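Form predicted alone, single chain, as structure tokens, below.
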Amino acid sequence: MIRVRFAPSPTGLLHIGGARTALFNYLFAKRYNGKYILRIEDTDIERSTKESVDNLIRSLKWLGLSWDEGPEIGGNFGPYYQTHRFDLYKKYLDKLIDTGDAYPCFCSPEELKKERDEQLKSGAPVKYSGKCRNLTPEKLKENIEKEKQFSIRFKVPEHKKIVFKDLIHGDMEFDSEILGDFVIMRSNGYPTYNYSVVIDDALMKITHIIRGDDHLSNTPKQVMLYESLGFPLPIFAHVSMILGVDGTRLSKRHGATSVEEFKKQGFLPEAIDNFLALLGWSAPEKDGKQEEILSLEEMSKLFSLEHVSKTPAMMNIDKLHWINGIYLRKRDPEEILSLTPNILDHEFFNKNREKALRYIKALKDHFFTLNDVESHITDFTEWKLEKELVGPLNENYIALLKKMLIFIKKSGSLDLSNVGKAFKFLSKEFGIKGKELYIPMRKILSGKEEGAQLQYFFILLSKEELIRRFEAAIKEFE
């Protein structure tokens, strides 16, 4: 059975790149009836926080990327927090030391820095010199008796070609000579990423490792650890990075970078999922057409690594707005109101749900994010008669405005039905039809070039406000 995992480090909010990695793993598991595992890699004791763990879990749930094994659920291959797995790391560390594939390194941070600086100065490859690689038993005993701090390094085989297949990048080959013996256990007793990830993935029986290609350089180290410990090698697939519109790695200067920030900006989870999937993946064509608007369920039936590009993906926020707008328009006004309940507190609605629902229906086609729901209230509340925008009006149209004003004053209440009948009657009486009737009046009532359809101003604005705007227009154009 296919088993994949998303293994974030809880050192901040869930990054949009991490969310895409989680999504690709989720879709791959669903496509092939596999298992999707969540594992928290919390061994960075200085930066990992409970708040970050909570955010990771909350963000993944919001995106609909529920896991089959992991925190809050459990499973047969736990624990699912690295800080709960130290006994396992110790067990396999002892095995590597016993076989001679790992050794203690007593070099101090100052010694290592000096060594690195000298290599940089001379232009030599920057790697550990192997100073502690072949310590005599006597020297080893002496250092331990002196209680010198030490880390554990993996003994990289000399003149070894490390090869593995990557489902996105193809056949990969690295030379062990460029690596140097690397640390697998820090002097504080905490495992390094390259070591713990191998133990965890092997013991959790992960079959496919789908992650960002910034991990590609780590893979040869991990391959050697798999081989030394006798674990079967998983299949790797390294996904391209997400870049900003300027072609540089996505960062804060490009705007929002976390799922939490996009949520606060009013984006829907289904739109984020859809958008992220298209950052590096494209659905197979159907009837000569490539679909771009796909639900999580639809994507899980189509997803394959063969359609994932090795070319870096570009973060196009305009496209995200477009996708979000499509999903927002699919939502019922009641759903949109439930997601934006604060608009009821606005004085324009004054807790009136029916009015708020009419407003949402009126402007639904103009919403691209949930934040637009509130920002467009000004389409009705902020008004200024723009004579140049409306254009010249002849005496016939001014007479029509006067008749509409009389209708408003005499009507008990206004609704779409009686407003529609009034338009029909006035159109026939004054011989003004279609755009010639509606567009100038909408510009008069809104003060804007675009916005809600004309009839909604009659059912959302108060009679007093309608009268004020009509009287101002008649006075201005007469």
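Don't overthink the numbering: it's just position in the shown sequence, from 1. These numbers were taken from a predicted model, which means no experiment stands behind them.
This protein has a second form, the form predicted in complex with the RNA, left out of what is shown; the following refers to that one.
**Student:** Would you confirm whether the three residues F28, C132 and E158 all fall within 4.5 Å of the RNA in the predicted complex, going by non-hydrogen atoms?
**Tutor:** No, because F28, C132 and E158 lack any heavy atom that approaches the RNA to within 4.5 Å in the predicted complex.
**Student:** Of the listed stretches (83-91, 259-267, 124-132, 336-344), which one has a non-hydrogen atom within 4.5 Å of the RNA in the predicted complex?
**Tutor:** So the stretch in question is 124-132.
**Student:** By the heavy atom within 4.5 Å rule, which residue out of I144, V163, I178, I406 makes contact with the RNA in the predicted complex?
**Tutor:** None of the others qualify; the residue that does is I178.
**Student:** Which residue, K384, R249, K330, K301, has a heavy atom that falls within 4.5 Å of the RNA in the predicted complex?
**Tutor:** The option sitting close enough to the partner is R249.
**Student:** Flag D372 as yes or no: does it have a non-hydrogen atom within 4.5 angstroms of any non-hydrogen atom of the RNA in the predicted complex?
**Tutor:** Taking the distances in the predicted complex, the answer for D372 is no, it never comes within 4.5 Å of the RNA.
**Student:** Heavy atom to heavy atom, is R442 within 4.5 Å of the RNA in the predicted complex?
**Tutor:** Because a heavy atom of R442 falls inside 4.5 Å of the RNA in the predicted complex, the answer is yes.
**Student:** According to a 4.5 angstroms non-hydrogen atom cut-off, is S295 in contact with the RNA in the predicted complex?
**Tutor:** No, S295 is distant from the partner.
**Student:** May I ask you to check whether D318 falls inside a 4.5 Å heavy atom distance of the RNA in the predicted complex?
**Tutor:** So D318 counts as contacting the RNA.
**Student:** Just to make sure I understand: among 137-161, which residues lie within 4.5 Å of the RNA in the predicted complex, judging by heavy atoms?
**Tutor:** Heavy-atom contacts within 4.5 Å come from S151, R153.
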